[in-house]
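Presented as structure tokens, the chain that follows is alone, the form predicted alone.
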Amino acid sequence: MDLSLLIGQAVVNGLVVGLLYLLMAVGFTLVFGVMRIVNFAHAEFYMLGAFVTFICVTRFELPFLPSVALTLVIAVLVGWVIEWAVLKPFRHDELNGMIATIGLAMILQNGALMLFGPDPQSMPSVATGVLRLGDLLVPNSRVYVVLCSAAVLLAMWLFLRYSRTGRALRAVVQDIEIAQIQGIKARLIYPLGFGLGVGLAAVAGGLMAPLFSVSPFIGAGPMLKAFIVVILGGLGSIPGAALASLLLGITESVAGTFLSTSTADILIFALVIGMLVVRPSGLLGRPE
């Protein structure tokens, strides 16, 4: 294959993976911004989202897109209930809140092991054929992922930017005390923020399901990459996370194509360390 064509193919694949990382990272950032806790169960919500979509498509024979939409609705409701039932006592106790999410992650992963077993399961491709972009060939299944990821991210941006509830959520993320002085009821924003964060992680898992195998252990890798995206982009900066996720996905894909997966991981961590040395606040983060 021609070298330029090989690079182009790797860049396209990197964009697909980068958008999945971005969905994870935005959800992770949202939960951290609202609750000030690192959600260690974020990877397990990604895994559960993959299983919900997998079951909808393979057991109930629902079309792929309605399955992903159903996964989003279920995940937001589950996240809302978990915040109210499990995390509510720790709303102003960040350390114990993070410990609670560790316990939650263990419960969810072991529960998935009991229900589905440890073996990876494959889901049939959601689309056949390829999209031709010049000399580049992109499988339609990956085009689906790009379009769905972009649609979910656009919907989230419009919600946060223009809706009254979204603006209230952003106000709590920026400064909860001032938000409460302005009359925003933070007790209603906490479960909403956690639910939306869980929903984004679950959608990322659901979109990933046709591309890779599904198992109780699939969340660890994407979670690590989402955490890197958050640090690289600047803590709390969604535009920074968008830029970092695409940079990370392309770097990973190109390096993995020409070198090896382990070399790609080394390059990514070198990139993060170099960025933190030059700009500790991240690409678009604000200095403290």
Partner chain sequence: MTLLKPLALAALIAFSSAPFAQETLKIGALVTLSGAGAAWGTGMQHAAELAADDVNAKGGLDVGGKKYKVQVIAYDDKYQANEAVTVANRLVYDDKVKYIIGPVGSAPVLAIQPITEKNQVVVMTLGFTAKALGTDKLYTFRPNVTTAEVAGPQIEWVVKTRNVKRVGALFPNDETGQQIAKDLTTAYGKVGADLAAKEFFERDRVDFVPLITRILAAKVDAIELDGNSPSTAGLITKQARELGFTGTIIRTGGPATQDIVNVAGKQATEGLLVHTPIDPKLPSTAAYAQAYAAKYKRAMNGFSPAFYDGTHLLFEAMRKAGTVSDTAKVVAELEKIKGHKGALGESSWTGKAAYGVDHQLDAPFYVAEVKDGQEVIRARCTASGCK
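Note that the rigid core is defined as the largest set of C-alphas that superpose within 1.5 Å between two forms. Residue numbers count along the first chain shown, from 1. A quick note: this is a predicted structure, and the numbers were derived from the prediction, not measured.
Separately, the form predicted together with the partner chain exists; it is not shown, and the next lines address it.
Just one listed stretch, out of 248-256, 57-65, 227-235, 25-33, contacts the partner chain in the predicted bound form at the 4.5 Å heavy atom level, and that stretch is 248-256.
In the predicted bound form, every residue of the candidate spot (V130, L137 and R142) has a heavy atom lying within 4.5 Å of the partner chain. Among the residues I74, L153, A171, M123, the one placing a heavy atom within 4.5 Å of the partner chain in the predicted bound form is M123. With the partner omitted here, the residue from G117, G103, P89, G111 that has a non-hydrogen atom within 4.5 angstroms of the partner chain in the predicted bound form is G117. When contacts are judged by a 4.5 Å heavy atom cut-off, A209 counts as touching the partner chain in the predicted bound form.
Within this chain, S213 lines the site of the partner chain in the predicted bound form, having a heavy atom no more than 4.5 Å away. Contact check for W157: every heavy atom lies farther than 4.5 Å from the partner chain in the predicted bound form. Contact between F217 and the partner chain in the predicted bound form is found at the 4.5 Å heavy atom cutoff. Annotation for 162-187: no interface residues with the partner chain in the predicted bound form [heavy atom within 4.5 Å].
Put the two forms on the same core and the Cα of L259 is off by 2 Å or more between this form and the one not shown.
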